[in-house]
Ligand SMILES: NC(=O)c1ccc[n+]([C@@H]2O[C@H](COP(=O)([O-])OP(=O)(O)OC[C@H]3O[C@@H](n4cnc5c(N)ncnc54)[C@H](OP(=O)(O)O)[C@@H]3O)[C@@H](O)[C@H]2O)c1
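Quick heads-up: it's one chain on its own, the form predicted on its own, in structure tokens.
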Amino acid sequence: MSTPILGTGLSGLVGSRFVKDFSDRYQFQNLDLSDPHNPVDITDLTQVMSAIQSSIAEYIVHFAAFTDVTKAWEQRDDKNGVAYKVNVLGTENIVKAAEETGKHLIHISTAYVFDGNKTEMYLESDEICPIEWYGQTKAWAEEKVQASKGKWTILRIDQPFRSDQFARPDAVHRIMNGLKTGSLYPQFTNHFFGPTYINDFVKVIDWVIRTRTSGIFHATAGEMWTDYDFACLINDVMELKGEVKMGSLDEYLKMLNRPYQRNTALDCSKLKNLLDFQMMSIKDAVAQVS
């Protein structure tokens, strides 16, 4: 018999892959406004509490978030804005309900809680210091989770991509489309990030559930890439024969009206030392993308 799991954002880029790959192991209930049978607004504590109290699930996986960094910046300092309401109030409601019902909360967070000034990959022990509104709301969300007296796990990711196409193109499919159409903008040689292969990441979530592991973990592939090198890898592995031009983050920042982290790569040694499976290299993961 499959194990019941509560989730938010189970129809999104990451959440839907978790459902797709583990529907034989888990019975999913989506806490979402779009659910045709039982719509749940996570910014409404009464609705959240009612849905979670009525479930026998031991785990809640909280994927739902407002992730458009540019649109979030347009809402900066607005606690009535959708970014704050979803990312902070929504998380606070999930935390309260999980704590009251004794459920283990798995919260999906982001590398954007860091300022991007570090030259090496970020560790879980590094101080969070967000520089834009999306990162700030996610940092506050983490604080809500960590303040809980219940069981919790925080998994931070960066620039996620999956093997199959999704409605909204991910980090790899955006570059693929640009290379195929000749519309790929110049790629930064001085900006660093740590891609997350979603197909592997959902296995990490399953591992957390199977092992009942708590704490904060970085859960990308644990590699550090520039935008330019990443685009070149995609071009070469997929034999797209497109053109990858070099770009500069410094030049881009002159035209940008919001802060931009120079480095969001995450060190995943803590997680990898505990996992009971091997995570793919980014090169091997890209080779699986269609």
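Residue indices: 1-based, along the sequence shown. Keep in mind the model is a prediction, meaning the values are calculated, not measured.
Same protein, other form: the form predicted together with the ligand, not shown, and the subject of what follows.
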query	finding
4.5 Å heavy atom contact, Leu33 to the ligand in the predicted complex	yes
Any non-hydrogen atom of Glu142 within 4.5 angstroms of the ligand in the predicted complex	no
The ligand contact at Ile108 in the predicted complex, heavy atom, 4.5 Å	yes
Contact flag, Arg168 vs the ligand in the predicted complex, heavy atom cut 4.5 Å	yes
Single option in Leu275, Met280, Val19, Leu13 placed near the ligand in the predicted complex, where near means a heavy atom within 4.5 Å	Leu13
Contact residue in the predicted complex, chosen from Ala83, Val113, Val202, Ile157 - any heavy atom within 4.5 Å of the ligand	Ile157
Interface stretch in the predicted complex with the ligand - options 254-262, 221-229, 37-45, 235-243, non-hydrogen atom within 4.5 Å	37-45
Heavy atom contacts to the ligand in the predicted complex at 4.5 Å, residues of 121-135 in sequence order	Tyr134
